[in-house]
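Read the single chain below, which is given as structure tokens and is the form predicted on its own.
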């Protein structure tokens, strides 16, 4: 799922993203017209949760930039899954197509990606975020210390953040990914190539990608060492 600098979803156009789903499936997912509105409200809440997390990270960025004399992250991107992506993920997992199934089983409908300059900034920023008293950590996956088999490196957090509405407060789940600039470059290319219809010599290409990921890891650590030399001059 692609990320953009602004949330790439308009809850008011909810059904437009369902072009690949048949009418019976749409009816089953939304239980006809009554759940259409519930689904729109749900997407609005996720959109608000993204705004809350982005604001928290942007405040931390300003605060830490003054203390450390550099910004801990270079950019922040966010995305909200489309109905089609939600449908496809439920199908891959063999889960039922229903409103309740979406709420209970998917933790990555709302996503925020933070691109940092250095690996240590990733940990500092993530620690400051989860230390806030209105953040609940649901799951943490450290692919920096334990990369995926294909070489992928990133820090993933599944968190809950409160969304204050006109009549109540609701805790919403957001997936936050932290990467360095170099890691994001690798991951973006890997994602594009993975979805090609046919890849010749797939095993060889996969090995080259793992090797490139290791080189990027070495580059990230070398850049940190150079920064530290400059800082302590």
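Positions refer to the first chain, counted from 1. Bear in mind that the values here come from a model prediction, so they are computed numbers and not experimental data.
The same protein has a further form, the form predicted in complex with a small molecule, not shown here; the description that follows concerns it.
Undergrad: Which single stretch, out of 200 to 208, 57 to 65, 169 to 177, 37 to 45, brings residue heavy atoms within 4.5 Å of the small molecule in the predicted bound form?
TA: Heavy atoms within 4.5 Å of the small molecule in the predicted bound form occur in 169 to 177.
Undergrad: Does the 4.5 Å heavy atom contact test between residue 141 and the small molecule in the predicted bound form come out positive?
TA: The answer is yes: residue 141 has a heavy atom within 4.5 Å of the small molecule.
Undergrad: So in the predicted bound form, does residue 89 come within 4.5 Å of the small molecule, heavy atom to heavy atom?
TA: Although the small molecule is absent here, residue 89 would touch it in the predicted bound form, with heavy atoms inside 4.5 Å.
Undergrad: My question is simply whether residue 52 lines the interface with the small molecule in the predicted bound form - judged by any non-hydrogen atom within 4.5 Å.
TA: No, residue 52 stays farther than 4.5 Å from the small molecule in the predicted bound form.
Undergrad: How about residue 107 - does it come within 4.5 Å of the small molecule in the predicted bound form, if we only consider non-hydrogen atoms?
TA: Result yes; residue 107 sits at the interface with the small molecule in the predicted bound form.
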